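Form predicted alone, single chain, as structure tokens, below.
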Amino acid sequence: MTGAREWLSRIRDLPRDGPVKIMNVCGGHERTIALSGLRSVLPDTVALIAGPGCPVCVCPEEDVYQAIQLALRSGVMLVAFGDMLRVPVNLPKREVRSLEQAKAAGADVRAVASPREAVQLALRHPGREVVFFAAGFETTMAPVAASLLEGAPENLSVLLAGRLTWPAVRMLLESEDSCLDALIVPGHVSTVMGLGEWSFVVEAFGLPAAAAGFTPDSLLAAIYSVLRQRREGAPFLDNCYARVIRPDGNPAARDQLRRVFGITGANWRGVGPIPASGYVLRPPFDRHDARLRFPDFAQAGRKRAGDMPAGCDCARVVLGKIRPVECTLYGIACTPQSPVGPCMVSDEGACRIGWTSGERPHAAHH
């Protein structure tokens, strides 16, 4: 098996013909890249750009606000993945701005690690309405679908904020200012949905693409692949995580997603509406839709596309336009202990990953 040192040597031996911008979409990939210091050892002509790979970061502000209001005003037990509890919304500081603050104010807010935990809580509290705030990409939505197919209790409803990854990438590639040269295909998503879902990168845009796993050697293999493809002028969709990713993914998980969810246009925080990028519950599973069960807590007026707190550059970080340290709030007003924007909250957020890996604000920011 070729190790990281050998792949790095092969990358360095490739002839260089100017800068190459490679986007890595997956938050897990960004974490490996940052914590292993890959950017510091690659040739300076190779730029690795973090893309919209954090579901917590792109979860719409109006959905977080609705979850907070449900927790505070409806008397439900509100459960969510741990990262979602700290995501702030745009409200004055004197008001409750996160689910964590709602819990401190007396609301019944609980963190769960899986959809199964949400089901178990509903079964243990049959006299309570339990709302599961489910944000995530395809890998998270598959177990949500499985839980509903297994027969969720009637007192459980889902506030769904699920997103498909590929439409956001396609939108970026279609944008007039796109200057990306290649794509590292997300590993977890491809495990579920299949490598073939990313064929459009090559077929429609003529860009090199490669799927990678979550170790430095797998990522370096994918980087080498796309650099060599570009050098040879022969782009294709390579699989550098073949022991896990299949062309058609996980057929059982894909079937569960198809049976439980339809696809609709959806809002992405910091990005705006993207067609055919959101999951919605199909009948008969829509009887578990929290938006239908608690319609009074939705506020359409909060749907402000691209809305981030004042001075926060999370939108441009999500879109790969800037690195986290280029945001003037990074590490000064915005830290993991006191996040201003969502990218500093999640373990898959580029700002949080940058901070954890030791990136600190430039002196010019002070």
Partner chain sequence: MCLAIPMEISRIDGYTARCTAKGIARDVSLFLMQGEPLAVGDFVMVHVGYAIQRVSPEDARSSWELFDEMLAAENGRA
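Positions refer to the first chain, counted from 1. Quick caveat, the model's predicted, so the values are computed rather than measured.
The form predicted in complex with the partner chain exists for this protein as well; it is not shown, and the discussion that follows is about that form.
**Student:** Go through Pro235, Gly249, Gly278, Pro88 and name the one with a heavy atom inside 4.5 Å of the partner chain in the predicted complex.
**Tutor:** Selected option: Gly249.
**Student:** Among Asn267, Ser147, Gln101, Ser218, which has any heavy atom within 4.5 Å of the partner chain in the predicted complex?
**Tutor:** Answer to the contact question: Ser147.
**Student:** Does any part of Arg116 reach within 4.5 Å of the partner chain in the predicted complex? Heavy atoms only, please.
**Tutor:** Result yes; Arg116 sits at the interface with the partner chain in the predicted complex.
**Student:** Report whether the minimum heavy atom distance between Ala142 and the partner chain in the predicted complex is within 4.5 Å.
**Tutor:** It does: once the partner chain is placed as it appears in the predicted complex, Ala142 has a heavy atom within 4.5 Å of it.
**Student:** Indicate whether the partner chain has at least one heavy atom within 4.5 Å of a heavy atom of Ala135 in the predicted complex.
**Tutor:** Contact check for Ala135: yes, within 4.5 Å of the partner chain in the predicted complex.
**Student:** Spell out, yes or no, whether the shortest heavy atom distance between His362 and the partner chain in the predicted complex is within 4.5 Å.
**Tutor:** Although the partner chain is absent here, His362 would stay clear of it in the predicted complex, with no heavy atoms inside 4.5 Å.
**Student:** Choose from 311-319, 30-38, 326-334, 62-70 the stretch whose residues reach within 4.5 Å of the partner chain in the predicted complex, heavy atoms counted.
**Tutor:** Of the options, only 30-38 has residues within 4.5 Å of the partner.
**Student:** Can we say Val192, Tyr241 and Ser357 each have a non-hydrogen atom within 4.5 Å of the partner chain in the predicted complex?
**Tutor:** Affirmative, all three are within 4.5 Å.
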